[in-house]
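The chain below stands alone and is given in structure tokens; this is the form predicted on its own.
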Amino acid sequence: MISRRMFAKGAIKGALALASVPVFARAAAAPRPFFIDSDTASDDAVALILAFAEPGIDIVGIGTVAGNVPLDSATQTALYVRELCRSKAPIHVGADRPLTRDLETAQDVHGKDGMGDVGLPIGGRKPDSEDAVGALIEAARRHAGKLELVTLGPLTNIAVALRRAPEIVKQIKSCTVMGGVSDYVGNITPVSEFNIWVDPEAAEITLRSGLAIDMVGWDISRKYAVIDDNDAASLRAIGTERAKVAVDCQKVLRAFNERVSGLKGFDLPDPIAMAIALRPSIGTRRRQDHASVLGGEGPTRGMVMFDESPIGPKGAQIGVVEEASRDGFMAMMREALAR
């Protein structure tokens, strides 16, 4: 016969044993909800591959926006990559032009189809909705306090969403922005990066919104994410369809860099920004700074200007990634492309 005292001792012992088990061992952690906004071309495609492959991530929505390529091309490429990665993440069509400007694309950098013009079967797929802005607002409300936003293109959709529903600022946990440069060395003007340059007005609205922004500039790609020919051959040799597509679609970018940028290979700004969003430790050094976006025309259009003055600094306070782990990024690339 078991006495009440014996039963109580056993219950206490069991409770103590359970308490000693880490929480993650008792129940799987809830996946992190992500919303991705993308002007999908060759580097964005690789960023999406990384996101689709990452354990513990729930991509609750992808919005497309005009930037690298016109809107329909960006949407069709996102749909193609989703199919390639056997994902069911919903894809929503967004803005087909900047807030107040004409669209200027980067098809000379990524190819007419945005994917290196190597004959990939892009086209003929149907998005889940025509309302990327509404999808983002709904996701922010549904996952209030938990949603992680990653932007890979011009910030047009984000600015429209903030204007329509400013309360989402408090509902979005974090926003990783691939845009700008922290060292003032640009890729579209001497001091400006393409994503911000395309729609500087949207970028200024987004930075000043109060979102918890982590900016990953083109300088991080230039320093830590250049894939030379040996790297490219090694990645392609992984042998999966994802690996072949990820390398082959950089054909036009590779030639552009050789001819114009002077980089030895192709660089991957969107993938390294995505890698840092997915695994924050890959961003090894950050600073807090005050930032403003310049509008107008000329060489300073789209420049992200930092104000480090100790006396009344102007601009929005954001996080700026200054250094990253190339080894961590390359390891993540290999993991994703091997799936």
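Everything numeric in this text was worked out from a predicted model, so none of it was measured. One-based numbering along the sequence shown.
This next part talks about the form predicted in complex with alpha-D-ribofuranose, which is not shown.
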Subject >> Partner-facing stretch of 269-277, 298-306, 284-292, 28-36, counted where any non-hydrogen atom is within 4.5 angstroms of alpha-D-ribofuranose in the predicted complex >> reply: 269-277
Original post:
Might Thr64 be said to contact alpha-D-ribofuranose in the predicted complex, defining contact as any heavy atom within 4.5 Å?
Top reply: no
**OP:** Mark Phe194 yes when one of its heavy atoms lies within 4.5 Å of a heavy atom of alpha-D-ribofuranose in the predicted complex, and no otherwise.
**Re:** yes
Original post:
At the 4.5 Å heavy atom threshold, is Met115 in contact with alpha-D-ribofuranose in the predicted complex?
Top reply: no
**OP:** Check whether Asn187 has any heavy atom within 4.5 Å of a heavy atom of alpha-D-ribofuranose in the predicted complex, and answer yes or no.
**Re:** yes
Original post:
Using a 4.5 Å cut-off on heavy atoms, which residues of 116-131 contact alpha-D-ribofuranose in the predicted complex?
Top reply: none
